[in-house]
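Below, in structure tokens: the form predicted alone, a single chain.
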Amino acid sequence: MSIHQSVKRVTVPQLKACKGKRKIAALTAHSSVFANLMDEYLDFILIGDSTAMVAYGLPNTLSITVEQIAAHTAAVARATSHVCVVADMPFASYQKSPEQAFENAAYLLSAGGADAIKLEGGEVMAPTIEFLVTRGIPVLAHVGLMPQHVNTMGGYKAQGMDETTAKQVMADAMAVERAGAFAVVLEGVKEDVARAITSKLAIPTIGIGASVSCDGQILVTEDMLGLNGENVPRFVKRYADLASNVKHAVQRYADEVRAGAFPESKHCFGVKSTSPDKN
């Protein structure tokens, strides 16, 4: 007789069922420390290919590997118990064929502990999305501004700003829904286009630089916490300035080390402290 454990995490069907009922809140994470702090407040955490830039200092998202994403995904999965864990499919890990996509997506679920994967592309990737979904891999689609297409798009440019691209983004969104995606990220999409797509689709839309009308929102955590410098996209709202706090703390530490003020006796072993630490 099989034993079924109760599921505590937010599931893919639960995310999908949020459509028309409540907003979905999501952020990126790539470390166990941040993931643990964020877990109870969010619906899902994305281990984004933006990890290439915020964790490795790379100029874009194109160089990160499946193995790197899997390692970060495992760290996030181990540190959380509530959120749905979604892993980004890196550039060139799924475009070659549906079979290639399945192999790498399955690795992110089995080795990384992801609950679902995200991939970029609309109409052109619809057959791959259908291939994955029918084989048990939940897919969060991503259309509009697609960072992995930075070279063909000529930079990080908002989409849907003219009639031609607006129609394309709509067609892409509808295609991924038909293919079986449980939700779709709309990145850098003109507000009224994102609103129209959200109204038309039966699956949730997750906005990032799109519209408040989207069914949910996601941001890169380092951007919204003020850890990524001053050059952040216009759609980012900073909820903290942690960079200043970190710099101040590190400066105090360095000053105390150089002045011989740290460590104090209470921080050392085998030394009677003059002011015992009650903790």
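Residue numbers run from 1 along the displayed sequence. Note that the structure is a prediction, hence the values are computed from the model and not measured.
Separately, the form predicted together with a small molecule exists; it is not shown, and the next lines address it.
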property	result
Location of the small molecule contact in the predicted bound form, chosen stretch of 35-43, 216-224, 250-258, 237-245 [non-hydrogen atom, 4.5 Å]	216-224
Residues 143, 160 and 190 all lining the small molecule in the predicted bound form, heavy atom within 4.5 Å	no
The small molecule contact at residue 50 in the predicted bound form, heavy atom, 4.5 Å	yes
Contact flag, residue 208 vs the small molecule in the predicted bound form, heavy atom cut 4.5 Å	yes
Residue 185, heavy atom within 4.5 angstroms of the small molecule in the predicted bound form	yes
